[in-house]
Every structure is written in structure tokens, then in C-alpha cells.
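Shown here is one chain on its own, the form predicted alone, set out as C-alpha cells.
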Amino acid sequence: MLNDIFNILLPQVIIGIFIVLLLVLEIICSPKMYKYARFIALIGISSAILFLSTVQTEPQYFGMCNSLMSDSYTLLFDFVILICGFLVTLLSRKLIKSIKGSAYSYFAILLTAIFGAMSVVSSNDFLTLFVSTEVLGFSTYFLIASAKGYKSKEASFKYLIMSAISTGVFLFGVSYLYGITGSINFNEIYKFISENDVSVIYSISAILIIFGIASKLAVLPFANWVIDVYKGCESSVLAFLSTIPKLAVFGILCRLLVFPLRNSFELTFVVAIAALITALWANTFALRENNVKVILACSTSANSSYVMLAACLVSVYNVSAVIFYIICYVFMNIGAFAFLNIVDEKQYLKVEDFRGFFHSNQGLAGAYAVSILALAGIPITSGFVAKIYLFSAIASSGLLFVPFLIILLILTVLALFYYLKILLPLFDDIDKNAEIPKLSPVFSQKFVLISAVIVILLVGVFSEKIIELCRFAAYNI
């Protein structure tokens, strides 16, 4: 067990220690000391990042009775999850000022979600995967409900109902797969299906498993929750919701599609069709919306569907494109929600509320514009490189999927209209008598926004090294 801890689990153990520490401090500390909670959480995440260097990646390491594993693939995802956790923690300043005495509990829950996300990516059997996704899911419920007000509680309840249904679908698929193979371990299942002919039941179980997990990506038929949840969430929680769970889910989806579920040809077509329908729904819905959070919710669903389409067409090239896209995507989202975190969300929700913002907040509005342009896939940003790489991966998957790619390209162009709907009001000319507030962000908010923009631009210009890293991780999955 000690070997397993030091070779694979030390970063998670560090996170676990700080979870316990925060819960103890919640009991013994005065509510007036709530400001220290964020500082302690940042120390915990930073320590976990440092201890990632202890994780064994070459050769692959299997621990805890082969239920967990580590390699360069899991290490890359763990690193990005922790970086996103660090930035989300910095953005939580405004939220904890409103909840004060519960700040220690809030950050304990946030670290628990990070712990669950890292465990999801490291899972090597379906029992560990189920427990890890539930840890991540339950933490997410409480984070969504953390802000004061009815809307956040309603959003949390809707997310809970959706997750309960998707968990049932996932377990139903796992039960069928266990009945066929007699195992829940990924390696043993892969060995069984490689040596035996697969049946229709195998394809059904694979479809149920993938859609049960993919519900957290807002892919149809589990997509409607995303609009209501994004409306009711505080911006720092949205920065979490649009990054860490998606990293975890895509991390494990690629592994499942490459190994235990790779022999289902029906799964590929079902996922591809669902991804296209989701992209069509999300992009058309966003066109008639004026609420910025709803538009970004639709953007989340649409981008998830693009990645799902590439992920189901299993190859090393496709997996590397998925990894690169999701890494670029999370920083685009953090940049967008960092700006929303700076403005007064209760006052600024509609697109027209931001009219003329650039004239009094050039730096902040410019950084926000870079994030939105990256989501739209405009050149020089990481979003452009990510989309080109992803679409080239789909194109190289065979002539059979060219129609899927053409439809996806049309929908991507369609998405430009609602991204422009967000951006253009920022630069509108305004009446000289109109008062546009001068935003005064604190250092942590500016740091997150500027860091996200720097990553977006650097990856957009110097993408070769990151792509090589993603290919190396995909090759060693």
C-alpha cells in the first residue's frame, strides 16, 4: 500500500490531508477568519502540483489491486485539473465574502471535487470509476448550491436529478458488461473482448456506459440541465463546472473508448449522431438568446459535442486532438468566467448590458474579447489551432465521416454569430452622457484573467510543443 501511495496517490493524499484540515478549521476557527480558508486551499493545491513529480509514469503503474493506474496520460490530466483548481480558487474571493463562516466548508468541497476528478482519470475499473464520479458529482451539487438565493438551490437540485438518472444508465450498462465478461477491470475486459466475438448486448452496454458518463458534458439526451444550472450558478462555480468535470470525463472517456469499449462499431455511430444533434441544438438555441450565461452554456454543450465526435473515432491522432482541444478549451472558459466574476453579475446578465464597456475598461474588455474569440476559433488564438487540429483528426478518420465533418463545419460557422453577439456590444459607441462603470478587480481576479489570455495567445502562436506533448500522452494511454 505504501508503494502505491508513493508511486501513484501522493498528490491525492495531499489533497485529502488539506480537506481534513479545512473541515477541522471549520469547527475550531471563528467565522471572522474565513479569509484564511482560500489561502489554505491554495497551499494544498500547490503542494499537490509539486508532488506530481513523484508519480510513476514509465512504465505504467497499477496500484490498489489494479483499480488505479498512472502513466503520462493521467499525469497530464491531473496537472491541468490542479492548475484549473488553483485558478478557480483564486476566483472564489467574491463568493466566500458572501458565505463567510462557511468558507472552510466551501473549499473543502472544492478540494473534494478536485480529488474526485483526479481519481476519475486514474480509474482502472468500473467500481473505482463509479465511486470517483459520485465523489465529483456530490461535490458539484454543493458547489452549485453554495451561493445565496433560490436560483442556486434550484440549479443544484436539477443537476442532482440529472446525475441520478445518468448514474442509473451508467450502472445498467456496467451490469450488462460484467455479465458478458465476468469482470469490471478495464484490462481484463479488453483481454476478453480481444479473444472473443462481441454480441449486441456488448454494444448496448457500451452505449449506456458512455452516455451515462457523458451526461456531465451536456450531450443529448442529457443536455437540458446545462441552461438552468448555468443561469443559477455564481461565476466562480461556473469556471469550475466548465473545466474540472469536463477534464475528468474526457480523460476517462478516451481511455474507455480506446480499451474496454473499442470493439463496438455501433457505439461509434450512436455517439457521432448524438454529438451532431447536440451541436445543432446548442448552436441554434444560442442564436436566439441574450443572456450571456445561457450563451456560454450552449457554447459548453456545443464544444463538448465537437470533442465527443472526435473521441469516438478512436485513433492515437484523434485522442491527441481531443487532449489538445480540451486543454485549450478550459483556459478559454476560465478567461470568460473570470471577466464575469469581475463585473456585478446581478446587474450584468444580458448582452446589451455590456454595451460600450471597452471605452472605460479597455484592458479587461480586451482580455474578455480574446477569450470569446478563442471560443469562436479565430486565428492567432489557441481555439483556432484546436479546431483545425480536431477537424483534421475527424477528416483523417475515413470518407464515411466526411459528411459529419461538413455538418460540424457549418455549425461552427453558425456559432460565430452568437459569439459576435457577445462581443460587438463591448465596442459600441455610446452616448457621451451615458455612465459606464470603471471596474476595479482585485489582484487575484486580474491574475486569473491575464493568465488565461496569456495561455490562449501563447498556445495559439507556439502550439507545436503542446501538440507533441498531447501526442506523447495519447500514444501512452
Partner chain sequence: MDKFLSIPFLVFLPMVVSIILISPLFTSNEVMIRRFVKGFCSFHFLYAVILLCFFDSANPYLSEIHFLGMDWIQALGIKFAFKLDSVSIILSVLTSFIFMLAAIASKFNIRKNQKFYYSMLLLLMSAILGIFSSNDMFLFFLFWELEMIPAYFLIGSKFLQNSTVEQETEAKNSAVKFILYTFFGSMFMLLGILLLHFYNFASSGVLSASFADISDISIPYGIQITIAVCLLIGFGVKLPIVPLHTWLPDAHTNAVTPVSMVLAGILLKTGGYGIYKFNYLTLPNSFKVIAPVLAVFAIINIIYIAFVTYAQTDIKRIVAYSSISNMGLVLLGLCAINKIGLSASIFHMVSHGLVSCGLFMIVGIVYLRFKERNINILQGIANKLPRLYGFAVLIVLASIGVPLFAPFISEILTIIGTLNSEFSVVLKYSAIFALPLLILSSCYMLKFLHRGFFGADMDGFDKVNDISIHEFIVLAAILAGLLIFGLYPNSIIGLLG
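Keep in mind that this is a model prediction, so the values were computed, not measured. Numbering follows the first chain given and starts at 1.
Below, we refer to the form predicted together with its partner chain, which is not included among the displayed structures.
At a distance of at most 4.5 angstroms from its partner chain in the predicted bound form, none of the three residues F192, N196 and E266 contributes a non-hydrogen atom.
Under a 4.5 angstroms non-hydrogen atom cutoff, its partner chain in the predicted bound form has V461 among its neighbouring residues. When contacts are judged by a 4.5 Å heavy atom cut-off, Y61 does not count as touching its partner chain in the predicted bound form. In the predicted bound form, its partner chain lies within 4.5 Å of some heavy atom of V413. Although the partner is absent here, I388 is a contact residue: one of its heavy atoms lies within 4.5 angstroms of its partner chain in the predicted bound form. The stretch among 61-69, 420-428, 445-453, 44-52 whose residues place heavy atoms within 4.5 Å of its partner chain in the predicted bound form is 420-428. For the partner-free chain shown, V385, I388, Y389, F391, S392, A395, S396, L399, V402, L405, I406 of 385-406 come within 4.5 angstroms of its partner chain in the predicted bound form, judged by any non-hydrogen atom.
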